[in-house]
Ligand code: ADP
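Below sits a lone chain in structure tokens, taken as the form predicted alone.
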Amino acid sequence: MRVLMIAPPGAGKGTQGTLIAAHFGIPHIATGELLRDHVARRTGLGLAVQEYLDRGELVPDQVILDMVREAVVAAKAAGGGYVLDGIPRNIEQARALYLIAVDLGMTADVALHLDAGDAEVTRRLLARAALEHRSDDTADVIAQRLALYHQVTAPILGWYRDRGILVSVDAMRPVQQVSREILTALDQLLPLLEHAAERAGHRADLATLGEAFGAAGPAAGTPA
């Protein structure tokens, strides 16, 4: 099972990604953790990241994509599954990630979209900031992050929908309920993916996955 996670901040992407990874026994590739790990181990990529951070600059997409490629190579060696969390954040990253995955024979089976409204995720983030005594997650900062998500990240959803692998789930309910629906649906998807792999070159019908979520299914398409 190979899953991309797409969600606004505060929708529970990290939590659900961890649960999916544990359920299927596959790596949870979180780009933030990758960055911190490379910096801590002082790898070549980590040293490059530290230089950008020291200069107060954003880490370039290519550096992050190089880290993700390395992690996906390791995931392939470990059995071929993954949950990718934190990338893509824009259409350019989505396309670059797709090319990497095609090259490695590790294209995603599902782009899982956690759908949550701005008011709810703002409430969650403010509650988390108060609990963790974080002064950087203010209402203004959260509003800016959400605006960036809607402007830059949300358009990716249409791209994955066109490819036939997008599945959206209502993430505004309790975590346990969302988790049960996701895992049940992905479990139902596995036989379809295995059958599609056996019938190489044939298209897989993913409509039943949407039905498992109680929503309209995605358009049929080749897993990519």
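In this text, residue numbers run from 1 along the sequence as written. Take the two forms, superpose them, and find the largest set of C-alpha atoms that agree within 1.5 Å; that set is the rigid core. Note that the structure is predicted; figures quoted are calculated from it, not measured.
Keep in mind that the form predicted together with the ligand is missing from the display, and what follows is about it.
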Check your understanding: Does the ligand come within 4.5 Å of a heavy atom in each of 35, 56 and 93 in the predicted bound form?
Key -> yes
Check your understanding: So in the predicted bound form, does any heavy atom of residue 29 sit within 4.5 Å of the ligand?
Key -> no
Exercise for review: Please check if residue 128 has a heavy atom lying within 4.5 Å of any heavy atom of the ligand in the predicted bound form.
Suggested key: yes
Check your understanding: Is there a heavy atom of residue 166 lying 4.5 Å or less from a heavy atom of the ligand in the predicted bound form?
Key -> no
Check your understanding: Applying a 4.5 Å heavy atom distance criterion, does residue 123 contact the ligand in the predicted bound form?
Key -> no
Practice item. Could you tell me which of 155-163, 46-54, 168-176, 181-189 sits within 4.5 Å of the ligand in the predicted bound form, going by non-hydrogen atoms? Key: 46-54
Study note, to complete from the structure: Applying a 4.5 angstroms cut-off on non-hydrogen atoms, the residues of 123-149 near the ligand in the predicted bound form are 128, 134, 136, 145
Check your understanding: Using the core for the fit, does the CA position of residue 173 change by 2 Å or more between the shown form and the other one?
Key -> no
Exercise for review: For residue 183, decide whether the Cα shift between the shown form and the other one is 2 Å or greater, given a superposition on the rigid core.
Suggested key: no
Review point. With the core lined up, does the C-alpha of residue 155 move 2 Å or more between the shown form and the other one?
Key: no
Review point. Are residue 45 and residue 76 closer or farther apart at the Cα level in the predicted bound form than shown, by 3 Å or more?
Key: farther
Practice item. Quick one: in the predicted bound form, is the Cα gap between residue 48 and residue 104 smaller or bigger than here? Answer closer or farther; it shifts by 3 Å or more. Key: farther
